[in-house]
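Single chain ahead, by itself, as structure tokens, in the form predicted alone.
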Amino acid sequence: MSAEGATVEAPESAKKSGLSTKNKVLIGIGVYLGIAILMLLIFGSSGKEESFKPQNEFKLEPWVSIHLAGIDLSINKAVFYLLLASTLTIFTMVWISRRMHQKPNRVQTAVEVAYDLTKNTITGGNLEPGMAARWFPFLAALFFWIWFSNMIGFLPLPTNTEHTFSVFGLEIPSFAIYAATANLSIPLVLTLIVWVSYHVEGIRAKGFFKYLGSWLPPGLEDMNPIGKAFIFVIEAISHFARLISLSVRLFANILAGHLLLLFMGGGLAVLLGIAALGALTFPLAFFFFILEVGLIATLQAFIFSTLTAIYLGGATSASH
């Protein structure tokens, strides 16, 4: 067959293949919107729902009220998730370490990959060998704890005490999603521990005044004192800014993910009183759920622990 015959037959074979991918996508979107419009015509709008308050999902009502010396130590939803994440972290690591096999199964393989990530990429890639050996347990625990905390935050658990349902006469809290890292106080406490730790390590390695002097980059020997003081102040501000950037990054990403799931999963339809809106937003909720569980939860744990290793390495390194 000649090349000319092949070019003539190509369009005919394309015609026999049916609709193009673009047309299939457009048809799918059209059907999707058509279903939503049909639901809007059938169910209409019941008006804005004033009783539904999405912010109540993040309120921390005390489950067990405890006050000691004017300090509120009450057990609430956040405390429960803290304990749950800590228990899962300790149990998983201890359980896996006692059941290591020469031929690893899938669970052991996954744990070994995570172990290699924390040991070689996060710790070994940013710290000198001596510092890496000292801080690896902390960095690994930090990574796994944040990861577990983020992951269980996307599992519906009976923690919503504001709304209950009855089972054989027993009032049980309704299912809801919540994460301890979606409460700013938790990432802020973690950040304070990291912030104090790397400054202490820097002072231990270099001495107080030499550590402060290391905040100035090299090559400023001929600069006048006013210029050096100005750069030092900027560097000091950047260190304090880490308290905000490190904590808010984790908090904002997890909180935003939970808000997206809350509104896209039906909260927006309830809030506006438009049932048909749920048909449009629910597929988006599924997409955001996969994105949060598959990427964001792990990525935020990786970023937080990696930046911790970088701050520790920068504070103890010989140069700025």
Partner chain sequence: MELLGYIGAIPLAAKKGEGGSFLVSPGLGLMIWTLVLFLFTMWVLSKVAFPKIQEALDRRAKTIAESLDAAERQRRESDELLEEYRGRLAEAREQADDIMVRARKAAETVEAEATVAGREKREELVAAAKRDIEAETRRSLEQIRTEVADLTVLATEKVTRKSLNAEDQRRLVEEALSEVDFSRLSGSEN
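Numbering follows the first chain given and starts at 1. The model shown is predicted, which means the values in this text are computed figures rather than measured ones.
Same protein, other form: the form predicted in complex with its partner chain, not shown, and the subject of what follows.
In the predicted bound form, at least one heavy atom of residue 188 sits within 4.5 Å of its partner chain. Mapping the unseen interface onto this chain, residue 145 counts among the residues with a heavy atom inside 4.5 Å of its partner chain in the predicted bound form. Taking non-hydrogen atoms only, residue 244 approaches its partner chain to within 4.5 angstroms in the predicted bound form. Though the partner is left out of this view, residue 89 does reach within 4.5 Å of its partner chain in the predicted bound form, counting heavy atoms only. Here the chain stands by itself, but in the predicted bound form one stretch of 124-132, 190-198, 151-159, 223-231, 190-198, has heavy atoms within 4.5 Å of its partner chain.
Listed residues 141, 205, 110, 216 were compared with its partner chain in the predicted bound form; 141 is the one with a heavy atom within 4.5 Å.
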